[in-house]
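Starting off, we have a lone chain in the form predicted alone, written out as structure tokens.
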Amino acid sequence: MPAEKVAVIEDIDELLIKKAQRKDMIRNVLPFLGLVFTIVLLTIATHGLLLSGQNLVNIINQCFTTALVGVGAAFVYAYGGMDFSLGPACGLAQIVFIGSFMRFDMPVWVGIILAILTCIIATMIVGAGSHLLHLQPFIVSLCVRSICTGLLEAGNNSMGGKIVVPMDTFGFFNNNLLKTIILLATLVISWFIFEKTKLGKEAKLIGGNRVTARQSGIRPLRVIVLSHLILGIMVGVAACFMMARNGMITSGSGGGLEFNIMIAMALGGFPMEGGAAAKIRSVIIGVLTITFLTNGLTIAGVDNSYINVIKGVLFVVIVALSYDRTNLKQVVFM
């Protein structure tokens, strides 16, 4: 082979290596630095109030539901899926829960099961529906989002608008020890399933290359169904705690949840296209970052609308830096 061609090939290999190293840095190093930078900057901006004892308790409460849903969403995003209906589905689950208790006098445990089932149905329709109907997941999720939003508004109106949650019955959901136990158990179990079991490995393989996954004998429908099942369970559990924490249910309950999840994943370095680089730790880093960011800006007196602008800009920047564009021409459905 001519020396000129060898030199060209070596230059290409060097560029590819540098590109891979850049992606690894963005996904593994920058999220940690981003979290540290956010905490330091906002600690200074809030004159130390960000890290005060009382506020740290608030941060734990604020990141609890986002962490639960984020861990569940990791399975869906790992195979290249998405779900924009999480917020309305979470709100609808709260209406179902409180309605079963206040209207039909059902036990609390029945309401919890119904709330979880509501979210499982919503996420299952998005996952299995998009695969079986050969539709883009975001199209199906937008349809489910519209349905859940309508049902949430109808249920809320039928119960008189703002629904006050009876805390004498549901106050135990605000127990910090209970939240800590559930969160730690969820993180450990989810990490094990995601990193050590067949489901997690197959989901990441599908996200990396659907054609290769199919040739390897992986059944995508099974992975999709189980991934959305886990997500539905997590959203349902989060809905119960969110309901008690807010103390009331409105037609806007759960709003913005799916957006916060996507921002958290992007900030944590979780690849939005899925694949082998997907890690549970990325979700946790991202959840902590978005929680500290929102909490710190609020303490600093920044208007909530501007906080959403900041989060939106961060999301666009991070995705633009980290998104893998080599998969754009891959077949979306198998």
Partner chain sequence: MKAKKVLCLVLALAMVLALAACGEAPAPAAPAAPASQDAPANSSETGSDIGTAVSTTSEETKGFEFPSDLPEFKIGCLGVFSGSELYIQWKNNLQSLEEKFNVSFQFVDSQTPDDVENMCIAGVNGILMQGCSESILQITEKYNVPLAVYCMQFSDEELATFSKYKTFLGVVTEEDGLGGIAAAEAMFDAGCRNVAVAGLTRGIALNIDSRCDKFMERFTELGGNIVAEDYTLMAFADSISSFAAAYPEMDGVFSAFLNEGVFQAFTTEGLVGNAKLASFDFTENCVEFLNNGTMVYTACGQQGTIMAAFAVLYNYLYDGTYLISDRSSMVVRSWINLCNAEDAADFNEYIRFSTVYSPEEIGYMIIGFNPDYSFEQFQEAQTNYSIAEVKARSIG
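Heads up, when I say rigid core I mean the largest set of C-alphas that superpose within 1.5 Å between the two forms. Since we're looking at a predicted model, the values are computed, not measured. Positions refer to the first chain, counted from 1.
Same protein, other form: the form predicted in complex with its partner chain, not shown, and the subject of what follows.
Heavy atoms within 4.5 Å of its partner chain in the predicted bound form belong, among the stretches 201 to 209, 122 to 130, 148 to 156, 81 to 89, to residues of 148 to 156.
Contact check for N28, G255 and A266: none of the three has a heavy atom within 4.5 Å of its partner chain in the predicted bound form. Contact annotation: of the candidates I116, V96, A244, L183, the single residue with a non-hydrogen atom within 4.5 angstroms of its partner chain in the predicted bound form is A244.
Although the partner is absent here, N174 sits close enough that one of its heavy atoms falls within 4.5 Å of its partner chain in the predicted bound form. Among residues of the shown chain, G217 is not one whose heavy atoms approach its partner chain to within 4.5 Å in the predicted bound form. In the predicted bound form, its partner chain sits within 4.5 Å of a heavy atom belonging to K162. Residue contact check for A276: none of its heavy atoms lie within 4.5 Å of its partner chain in the predicted bound form. Shown without its partner, the chain has T294, N295, T298, I299, A300, G301, V302 in segment 283 to 302 as residues with a non-hydrogen atom within 4.5 angstroms of its partner chain in the predicted bound form. Core-superposed comparison between the shown form and the other one: the C-alpha position of P271 differs by less than 2 Å. After superposition on the rigid core, the Cα atom of C63 is displaced by less than 2 Å between the shown form and the other one.
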